[in-house]
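Single chain ahead, by itself, as structure tokens, in the form predicted on its own.
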Amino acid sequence: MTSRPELQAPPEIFYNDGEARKYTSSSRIIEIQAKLSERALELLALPSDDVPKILLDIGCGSGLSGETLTDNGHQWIGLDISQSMLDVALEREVEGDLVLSDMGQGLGLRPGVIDGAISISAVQWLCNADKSSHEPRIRLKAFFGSLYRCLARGARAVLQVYPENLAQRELILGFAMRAGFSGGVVVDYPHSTKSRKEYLVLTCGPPSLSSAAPRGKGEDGESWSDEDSSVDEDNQSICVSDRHRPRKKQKLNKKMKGREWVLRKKEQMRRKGNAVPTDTKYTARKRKARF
């Protein structure tokens, strides 16, 4: 089984001249990138006023995802740490402005000038940096802090990620929330091991009705949202609960709502950016009636 690319080498080393050209010439990768970019653009929920927006493509690579932004009439700035990838993008004459940049060092853009941002399969690389010389937590803090500053208030960032496990997903989302973002994780096709995709849908600003995380796509055509999901810590994945469970099973589950259940639910709410009371020794303790 092939190891995940981010576990093999840093991106600027892994995506050398040969790998960059191989990546860009694969018809399968081109098709996948187009689909993921279209979905990310859909989740950005840009206003339909026919006014071109200035968007970021973080980890733009050879410009495959940027072409989707161009096709939809937007201007874009592409950031990538691999010079080889950017060289291929230049050869392909993509229409975006390309910048050699390490997102883990911060984006270095003026405050409030970007209308939205997308990223396709890039952010998880920050979590697998060489720990002898880079600390993933420091890099995530620099990335999300600078991303929050450069976005216009109310603008969205949609980051498609392949987290290695539950801990990595929580690490990424946690630093996004600390930077000031609201939102959460949107999972498309949660029951499919092949089609399942995760997107961090983040809004620049405090939680509001307009910043609520949109619903993901389900295999049967039904929509799914992060609100209908619970975290399965044993399998380290997001599991979508069945809305049509028998009443008998629901009654059994209600008996199990003790302190651990309450703490887990409160933590889920915190990850979504909701205000939740601080945990104390009295959390989940039943109050005795006074007469």
Partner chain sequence: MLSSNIKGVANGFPLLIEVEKVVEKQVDFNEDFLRNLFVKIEWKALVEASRTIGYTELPENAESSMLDSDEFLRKFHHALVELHLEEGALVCPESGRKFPVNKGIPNMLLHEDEV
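Given the structure is predicted, the values throughout are model-derived calculations rather than measurements. Residue numbers count along the first chain shown, from 1.
What comes next is about the form predicted together with the partner chain, which does not appear here.
- For the partner chain in the model of the complex, the listed stretch (118-126, 102-110, 175-183, 189-197) containing residues with heavy atoms inside 4.5 Å is 102-110.
- Residue contact check for Q75: one or more of its heavy atoms lie within 4.5 Å of the partner chain in the model of the complex.
- The shortest heavy atom separation between I30 and the partner chain in the model of the complex exceeds 4.5 Å.
- At the 4.5 Å threshold, heavy atoms of L90 reach the partner chain in the model of the complex.
- Looking at V262, you'd find every heavy atom of it more than 4.5 angstroms from the partner chain in the model of the complex.
- For the candidate set V161, L86, V201, L140, a heavy atom within 4.5 Å of the partner chain in the model of the complex is found for exactly one residue, namely L86.
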